[in-house]
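Below sits a lone chain in structure tokens, taken as the form predicted alone.
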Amino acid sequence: MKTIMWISAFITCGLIIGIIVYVFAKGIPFISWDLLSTSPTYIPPHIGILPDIMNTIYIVIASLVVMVPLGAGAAIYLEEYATNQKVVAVIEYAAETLSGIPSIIYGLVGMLFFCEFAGLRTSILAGALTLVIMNLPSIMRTTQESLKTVPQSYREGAFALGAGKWRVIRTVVLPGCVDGIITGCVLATGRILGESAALLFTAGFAHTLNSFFEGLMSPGATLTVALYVYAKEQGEFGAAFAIAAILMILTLGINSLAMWLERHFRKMREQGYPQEKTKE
């Protein structure tokens, strides 16, 4: 059994390292300042991914602005305010079901509801709202688990001092679990960066450089959608591998940032509550 586990771990790590090395070897030679800082043109033919980078930033910002308050608020309600356990069970079951739906279905629903029914048309905002629905369950569940890590004694001590419910949550509970909430947000950002199927139906694939507010209401391709377009539609595999390498670097950076933030906030929390550390 020990040998089987070592082989399984070696195969898993080997696959990850192999993919990273292959993508970097194919993509890094094509990465240049000209590629990163210019827009694409057709006459003369020229490939630039600056609009795709900006569209990716726009969609990440728009998604987080809507998703984090909704997800964190839902989690706080379920853990701190809700008393009807049947309602809590229904909401948690719905969240788990949403997290298991394929992204292409989210794209179809987003196209029909946000683009057609809501009148947003194909735009970055429609894509961002679709991603909000996709990632809302993960933010909610992550925040819930983080809230559960705060000892009940902290809440009881604050109540004993005369603090109200919201004051206890704002000054005791949330500071005690901020590491898990931020980590969940960072990991959700990584999922947003890697999503393409849902955005093909909602955000479109225009390589146009716009300002933030103008870009929200206009169609635009993110880096993942641009990768698909260059590889599948135009046969520009050099540009596709360059974008893949950039996405791989961003993913590795986001995962590393999530791990660092989790350790950093856990250390701050332990320093802030030395008695809890002593008990452990």
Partner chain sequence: MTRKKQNTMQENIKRKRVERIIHGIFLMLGLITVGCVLLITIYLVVSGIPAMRTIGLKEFLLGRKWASTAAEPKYGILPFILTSIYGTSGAILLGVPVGFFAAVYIAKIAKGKIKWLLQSAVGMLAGVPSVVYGLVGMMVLVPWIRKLFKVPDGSGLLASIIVLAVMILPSIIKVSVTALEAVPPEYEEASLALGATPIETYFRVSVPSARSGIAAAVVLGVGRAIGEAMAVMMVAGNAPNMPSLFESVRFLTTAVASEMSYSSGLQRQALFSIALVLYFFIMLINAALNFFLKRGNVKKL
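Heads up, when I say rigid core I mean the largest set of C-alphas that superpose within 1.5 Å between the two forms. Residue numbers count along the first chain shown, from 1. Just so we're clear, the structure is a prediction, and the values are computed from it rather than from any experiment.
Keep in mind that the form predicted in complex with the partner chain is missing from the display, and what follows is about it.
Checked against the partner chain in the predicted bound form, the residues M111, V186, V178, A206 give one hit for a heavy atom within 4.5 Å, which is M111. You can rule out all but one of 178-186, 191-199, 119-127, 206-214: in the predicted bound form, only 191-199 has residues with a heavy atom within 4.5 Å of the partner chain. At a distance of at most 4.5 angstroms from the partner chain in the predicted bound form, none of the three residues Y42, L64 and L257 contributes a non-hydrogen atom.
Contact annotation for M140: at least one heavy atom lies within 4.5 Å of the partner chain in the predicted bound form.
Although the partner is absent here, P69 lies within 4.5 Å of the partner chain in the predicted bound form, judged by heavy atoms. In the predicted bound form, the partner chain lies farther than 4.5 Å from every heavy atom of L147.
By the criterion of a heavy atom within 4.5 Å, K232 is counted among the residues contacting the partner chain in the predicted bound form. Residues of 220-246 lying near the partner chain in the predicted bound form, listed in sequence order, are T224, L227, Y228, A231, K232, F237, A240, F241, A244, the criterion being any heavy atom within 4.5 Å. Relative to the superposed core, L209 undergoes a C-alpha shift smaller than 2 Å between the shown form and the other one. Core-superposed comparison between the shown form and the other one: the Cα of M111 travels less than 2 Å. Here Y22 does not count as shifted, since its C-alpha moves by less than 2 Å between the shown form and the other one after the core is aligned.
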